[in-house]
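Quick setup: one chain, the form predicted on its own, written in structure tokens, and binding and motion questions come after.
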Amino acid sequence: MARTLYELAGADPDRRFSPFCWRTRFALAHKRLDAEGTPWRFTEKDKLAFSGQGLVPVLVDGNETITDSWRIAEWLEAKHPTPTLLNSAAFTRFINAWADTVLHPALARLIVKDIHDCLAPADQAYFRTTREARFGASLEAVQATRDAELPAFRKLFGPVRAVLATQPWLGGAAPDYTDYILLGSLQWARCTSPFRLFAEDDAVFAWRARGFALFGGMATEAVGYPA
């Protein structure tokens, strides 16, 4: 059965950088499912009209069309129960919300101009207008403070370090969707920005490296910068 995943791309169609799409990429790999990736860009809203909305990821699996990374994860878990993706759905949903509402706004401030520079010209205009309205400042001004903001960003990962001090993965003995959520966020940064987020002696640095090496190095081999 043909399976297609619509993924956010930069000017280079192979630069797939959405954290939400990467969550789904990891989830599909976890379930040992293949999907053909189709690049999509911010200004190509018509390309997703069939899905009834205008955001990625969109997964098309035969006659089924599923949108939103969390709904896709739930759908994959229901349709393909093994191996288990959501070992503790309540905890994983919390991490999903924390990443969306706390981690992403902080991370975006560190890489927002770099994201802009990866985009095609038409998308750059859209991205600058919408993001500068969101931040209330130019992309250059927002990103200019990133060295000063980096310690606070790293501090956000305190709970992650505490968990990793007692087990190898956020999901426990093996990775699950809880890990993939945060790995997707950090892959967003790796695919768009050369800015180094963690010191090499940080437990998060080592966990990220192990996560990016999963599934034959799927994340490491993607177009991006050294992590």
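Throughout, we count residues from 1 along the sequence that is shown. Every value quoted in this text rests on a predicted model; they were computed, and no experiment measured them.
Just so it is clear, the following notes concern the form predicted in complex with another copy of the chain, a form of the same protein that is not shown.
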**Fill in**
In this chain shown alone, the residue from 49, 162, 199, 174 with a heavy atom within 4.5 Å of another copy of the chain in the predicted complex is 162
**Asked** Of 27, 191, 58, 170, which one comes within 4.5 Å of another copy of the chain in the predicted complex, counting heavy atoms only?
**Response** 170
**Prompt:** If we take heavy atoms and a 4.5 Å cut-off, which stretch out of 76-84, 134-142, 121-129, 90-98 is in contact with another copy of the chain in the predicted complex?
**Reply:** 90-98
**Message:** Can you work out whether residue 166 and another copy of the chain are in contact in the predicted complex, taking contact to mean some heavy atom pair no more than 4.5 Å apart?
**Reply:** yes
